[in-house]
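In the block that follows, a single chain appears as structure tokens, in the form predicted alone.
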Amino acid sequence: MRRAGAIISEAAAAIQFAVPDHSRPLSFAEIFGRSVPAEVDLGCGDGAFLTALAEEHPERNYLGIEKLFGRIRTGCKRIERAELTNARLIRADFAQVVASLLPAESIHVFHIMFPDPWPKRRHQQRRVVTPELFGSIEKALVSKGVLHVVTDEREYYQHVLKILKGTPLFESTSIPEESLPRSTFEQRFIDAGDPIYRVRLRKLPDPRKGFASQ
């Protein structure tokens, strides 16, 4: 028997992609039925940001990865209402997906929007933004692909910058703030007058590939 409030239409349920084989990389042609530039929202929450991006850019594919069932359900309903065919969700730990399931040089943009800052020192090992995650993201990004991190916590922002100092994989870049939609969390923080900190990075071309990658 289904729990009250857990009912979801077949169309919305189809938006959640079930990984058929965890031993091989994901196929975006299989997920979306086409091969075009792809963006990934890591920890996509209720899908508001992902849905807005997919509506604005029908020429791209958008994959959201979220661990919590309730947020996945809300995101599926949101995508269904917008009648989008270029947005899909996976329920999983995104660090594992990036490390093991995304093909090398397959993603044009990664978004990490307001990750849990775990401010207490004893909890900081739970933070998702780590040197290991940055390494996995770099492998999955195409040359000159972009990583976009947003947080409302200054200390977490400094945590991200500290990680960057130890890696030669990225360079800072700029994306016009108005070019991106606002997530549910971002709008909430803006309404409360809280500061927003942004890190925008571009993957450096691999020098071993010579001028062909420039």
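Bear in mind the structure is a predicted one, so any value in this text is a computation, not a measurement. From 1 onward, residues are counted along the sequence shown.
One more form of this protein, predicted together with a small molecule, exists but is not displayed; see below.
Contact between Ala82 and the small molecule in the model of the complex is not found at the 4.5 Å heavy atom cutoff. Residue contact with the small molecule in the model of the complex: Gly45 places a heavy atom within 4.5 Å of it.
Contact check for Met113: a non-hydrogen atom falls within 4.5 Å of the small molecule in the model of the complex. In the model of the complex, no heavy atom of Leu101 sits within 4.5 Å of the small molecule.
In plain terms, the part of the chain that comes close to the small molecule in the model of the complex, with a heavy atom within 4.5 Å, is 61-69 out of 154-162, 22-30, 61-69, 141-149.
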